[in-house]
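So this first bit is one chain, no partners, the form predicted on its own, shown in structure tokens.
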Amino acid sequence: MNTASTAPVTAVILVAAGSGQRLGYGMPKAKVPLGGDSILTHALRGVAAAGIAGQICVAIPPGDPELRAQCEAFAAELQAEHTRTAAQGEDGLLPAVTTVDGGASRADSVRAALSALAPGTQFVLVHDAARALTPESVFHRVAAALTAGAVAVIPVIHVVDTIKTVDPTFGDDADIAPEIVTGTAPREMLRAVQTPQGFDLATLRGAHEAAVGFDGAQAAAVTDDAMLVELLGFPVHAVRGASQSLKITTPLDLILAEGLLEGPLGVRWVEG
């Protein structure tokens, strides 16, 4: 039975406007090659494969015709696949792929994409293109939590390292080391946060509207969309993330991602 007409309309914002300076390629991170395609193309394929998005809105660097062309090529790829499967009697979801110019910060890019979502959208997932190998199951867990009633939900993984809090040193201590330990965080209570982060659309829009008036220090202290929602007092639920959802930020991250593509999971991402 086709339930598309009764399912909540969900959009995915794919943030791909980062400069990628730490990767050392001299180009926006989304353009960097990974397994024969760009990081952006892998991220787009992962979002589409999850099968939950009615719209994929990609925030790209302003005035970047190459990444815009990659999005258009991917939309054509999706259309061709949809036509092929429809001829076989399958009724899959065909997401609209749109682009917006990102802003100076990640929050600016998300706000630009929020303004471009289609009318009727109820839920939105905000995903970093740098987490290009995120498994479909993570998208499904986030979407299921939203359907069950969460207004905000994030994928997380357990922290395996011991985490210390520190302060800068002064006086004689500064001659020994630049920082000194002030405590040890309880590891069993800590989680590393990933994307996609899912939200009720009205809630996320309200959180971003409230953040427009932040001063520089307040804005710098906010590190993800979930934190904006937390600041409004809304509960943020957590579901299980995945180790494959590494964020490709440094050359070592890129090597690890290449290794994942060459392993048993690689066929899905390379062949789409």
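What you are looking at is a predicted structure, and each value in this text was computed from that prediction instead of being measured. Each residue number is its position in the shown sequence, starting from 1.
We do not show the form predicted together with a small molecule, though everything after this point is about it.
Can you tell me if H42 lies within 4.5 angstroms of the small molecule in the predicted complex, counting non-hydrogen atoms only? Close contact is absent here: in the predicted complex, H42 is far from the small molecule, nothing within 4.5 Å, heavy atoms only.
So in the predicted complex, does any heavy atom of Q194 sit within 4.5 Å of the small molecule? No, Q194 stays farther than 4.5 Å from the small molecule in the predicted complex.
If we define contact as a non-hydrogen atom of the residue within 4.5 angstroms of the partner, is P135 a contact of the small molecule in the predicted complex? No, P135 stays farther than 4.5 Å from the small molecule in the predicted complex.
Examine A11 and determine whether its closest non-hydrogen atom to the small molecule in the predicted complex is within 4.5 angstroms. Output for A11 is no: heavy atoms all beyond 4.5 Å of the small molecule.
Only one of 157-165, 97-105, 197-205, 171-179 has heavy atoms within 4.5 Å of the small molecule in the predicted complex; I'd like to know which. After filtering at 4.5 Å, what remains is 97-105.
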